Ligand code: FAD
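Quick setup: one chain, the form predicted on its own, written in structure tokens, and binding and motion questions come after.
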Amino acid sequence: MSHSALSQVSVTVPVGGDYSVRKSVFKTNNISFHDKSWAPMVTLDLKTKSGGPRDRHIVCMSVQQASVPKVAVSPLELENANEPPLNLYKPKEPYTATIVSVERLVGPKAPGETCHIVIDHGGNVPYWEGQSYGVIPPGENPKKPGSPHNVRLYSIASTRYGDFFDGKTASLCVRRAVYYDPETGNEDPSKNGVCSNFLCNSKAGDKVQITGPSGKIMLLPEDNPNATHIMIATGTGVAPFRGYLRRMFMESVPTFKFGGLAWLFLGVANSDSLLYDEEFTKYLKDYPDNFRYDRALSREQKNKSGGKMYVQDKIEEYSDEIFKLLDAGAHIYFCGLKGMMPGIQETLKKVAEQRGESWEEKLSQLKKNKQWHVEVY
């Protein structure tokens, strides 16, 4: 089609809007996102000379790819290891890392406080998505005077490249553990979670003792880039899944091009308690064929029997689809508080029985096939 046949070609590139991303999470050495969306949309307005219908053949590029530039990461040597790094630093000789930033993740109406904590490990404590760091809070162990505190494990909420895409930081998603006296209703700081409060109260430049990385159960299997991954999280259990999803949809990793389906179920109390919701909503907009996102808000939504909507109610809602995906080899992951599992197991058992299957047999098959991944605390 010649240029003369076109009376107007205008390209508009709106950037920003509802899906803007947090500035601190997306600053890199050479790119500053300035609270704008990191994937500008390109719309082409093509009109023919006659003012008739558009010549559809002119847009031959994939708009999907044109609209979603991924972020370059380094150092790519982090892809070279065949085995995940394990326990590079042990509790007796932890690594002294530095706090980069502490940011409150939840809105004013969320019960409790959850923080996103970026830690600079200088590239010395590499990890893979789905692993955990141990943190040793300062001070002495009240149960063993003269000894340091025990290690607390936290799932890492970033990819191996960290939030600045340079392989030098790791992020944790930490809920401040607070104890209220049942009789007075007042907070008792002496019983508050030592480590979670240390982390949430820390400031940029503070030192933090870390161990690890640890864990193999939640590693993202990458042998099949077109696999289905069903992720079920309650609260801060979303941490490893944020790492997976950034690797799948945000970062340009030459050795891992994700073309499968990632389906996230996130259970929290209310809208103000949602974690990383802007990032997840952005993937939904940019990768509608590869990402699904279902929220269970226990204080705002009702399940089909009129009770509170928990993550297992969402699983039940989509159970037919989930079971079919599992039968076809999908991986399923659970991360969050221990208390989430009995309700979920009960739901899956009920669904299996309705389908005329034995849940015990199905579960042992899933475990045998390495499709079942659970990390609860």
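Keep in mind it's a predicted model, so treat the numbers as computed, not measured. Residue positions are given as counts along the sequence shown, with the first one as 1.
Beyond the structure shown, there is the form predicted in complex with this ligand, which is absent from this document and is the topic of what follows.
Figure note: of the listed segments 222-230, 168-176, 99-107, 80-88, the one touching this ligand in the model of the complex, with heavy atoms no more than 4.5 Å away, is 168-176. When this ligand is considered in the model of the complex, Arg152 lines it closely, a heavy atom lying within 4.5 Å. At the 4.5 Å threshold, heavy atoms of Lys191 reach this ligand in the model of the complex. This ligand is not drawn, but in the model of the complex it has a heavy atom within 4.5 Å of Ala239. This ligand in the model of the complex comes within 4.5 Å of a heavy atom belonging to Ser132. Checking Thr211, Ser273, Ser158, Ser196 against this ligand in the model of the complex, a heavy atom within 4.5 Å turns up for just one residue: Ser196.
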